[in-house]
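Just the one chain here, the form predicted alone, laid out as structure tokens.
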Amino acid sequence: MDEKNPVNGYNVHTLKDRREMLDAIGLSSIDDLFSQIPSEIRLHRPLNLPPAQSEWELDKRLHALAAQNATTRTHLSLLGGGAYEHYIPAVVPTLTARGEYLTAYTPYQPEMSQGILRVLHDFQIVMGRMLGLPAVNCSVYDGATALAEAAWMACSITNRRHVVVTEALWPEYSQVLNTYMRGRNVTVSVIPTDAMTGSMDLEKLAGSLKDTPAAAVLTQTPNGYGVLEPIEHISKMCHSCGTLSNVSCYPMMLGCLKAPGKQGADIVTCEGQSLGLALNGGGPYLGVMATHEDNIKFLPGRIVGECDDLKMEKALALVKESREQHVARDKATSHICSNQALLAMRILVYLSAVGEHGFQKISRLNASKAHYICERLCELPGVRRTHTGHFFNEFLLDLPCETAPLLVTLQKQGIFGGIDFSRLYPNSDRKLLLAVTETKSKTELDRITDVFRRAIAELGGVIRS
């Protein structure tokens, strides 16, 4: 090996460079550097890379590989399941990619950075208005951890160690919730859904609340079947027996539906991905939590508020810091919550850019386009909605053919046809979950319907009685 040239052509450090760095840290070889990693999990061969190429050759090669991917830019997508394709105005990435924003993080010193504190303060105000409750943190990892944090928060408020949750919770949310509760000795009761409507069985809920005092009822709306839950009714049932009403919602629906906080919910959480965040292959995302002012001391994370500085002038500061980085570990509200400041900023810029009326219009487009294609698809032989409950922009269909081969056929025609429901919930054969957003035109929806018709016919779909 020529010591003047980088190793394999991809490593900028020559062998001489490596030797000097190893000498500086008192090691004889790179193997010594990684000696604490067990041998059985180490790769004992060079990486399987082609010969070194020039920069332009490598760039061309990587773009060619990337072009083989099927994405929402190459296919029409009806995928949902908790992450949704929405249009992001160009101003969102343009502003948030500025260096002073891109590298910003909530300061540990309470008043150091008024700029980022202003952004987070305004984020709290906007999200509070949207969710219908005044106290908002900034923030937690994602919608699933927000729901789980809210469940523990309810246990702390009520001093009860039992929560009730809908059967139709997204599976990923359920896994996170169970992990949180198991470690804290909190029992979880699951309430089934009504077979016809797809929403929570209120009779079973009433019986559960009567049998065992619960800290909270955890409701997700729309639920995992795409059905909207009767939040106001559930909240009244909760309050009649001293139980908190916790609601995890899809924020895009709040442009045309009443905020959960205005329907009696005590703690409202949501996944912020739909508000200006790209799909990003599953993350990073942003979890939001909102509650009444009386519950602020139980709210995890950090809150930015107004105060007077030493000159008695108005300033912003972290008025609540209950993470373990800020307070004694045993007094921390949560040990893994985080403020993802850049993502909170993207949400604020997105909502500011589209405005209140624009957001309402986008929300209505989601609903109207979803209902349009649902009606068209249900006109096909053997296709029908699984439930009768109201939905926003996601719905579950019964099919006259197997789901998996149908999705393969659709993808060959440039369409991600939705989610095979059996992958989310066992024993759900021949069911398809579809989501529609403002990004689809009527022409595209008509094309999707036509491709569905031909694909079902090719797979030998039969009309069900």
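No experiment lies behind these values; they were computed from the predicted model shown. For every residue, the number given is its place in the sequence shown, counted from 1. If you superpose the two forms and keep the largest set of C-alpha atoms that fall within 1.5 Å, you have the rigid core.
Beyond the structure shown, there is the form predicted together with another copy of the chain, which is absent from this document and is the topic of what follows.
A.B. asks: Within 4.5 Å, heavy atoms only, one stretch in 93 to 101, 191 to 199, 159 to 167, 241 to 249 touches another copy of the chain in the predicted bound form. Which?
C.D. replies: Contact-bearing stretch, as computed: 93 to 101.
A.B. asks: With the partner left out here, check for me: in the predicted bound form, does some heavy atom of Thr449 sit within 4.5 Å of another copy of the chain?
C.D. replies: Close contact is absent here: in the predicted bound form, Thr449 is far from another copy of the chain, nothing within 4.5 Å, heavy atoms only.
A.B. asks: Hey, in the predicted bound form, does Leu365 get a heavy atom within 4.5 angstroms of another copy of the chain?
C.D. replies: Although another copy of the chain is absent here, Leu365 would touch it in the predicted bound form, with heavy atoms inside 4.5 Å.
A.B. asks: With a cut-off of 4.5 Å between heavy atoms, is Gln413 one of the residues that contacts another copy of the chain in the predicted bound form?
C.D. replies: No - in the predicted bound form, heavy atoms of Gln413 and another copy of the chain never come within 4.5 Å of each other.
A.B. asks: Check Asp398 for me: does it contact another copy of the chain in the predicted bound form (non-hydrogen atoms, 4.5 angstroms)?
C.D. replies: Contact check for Asp398: no, nothing within 4.5 Å of another copy of the chain in the predicted bound form.
A.B. asks: Please tell me which of Ile296, Ala206, Ile88, Cys378 lies within 4.5 Å of another copy of the chain in the predicted bound form, judged by heavy atoms.
C.D. replies: Of the listed residues, the single hit is Ile88.
A.B. asks: For a quick check, can you give me the residues of 31 to 61 that have a heavy atom within 4.5 Å of another copy of the chain in the predicted bound form?
C.D. replies: Result: Glu55, Trp56, Glu57, Asp59, Lys60.
A.B. asks: After fitting the rigid core, is the C-alpha of Leu62 off by 2 Å or more between this form and the one not shown?
C.D. replies: Where the cores coincide, Leu62 still shows a C-alpha shift between this form and the one not shown that is 2 Å or more.
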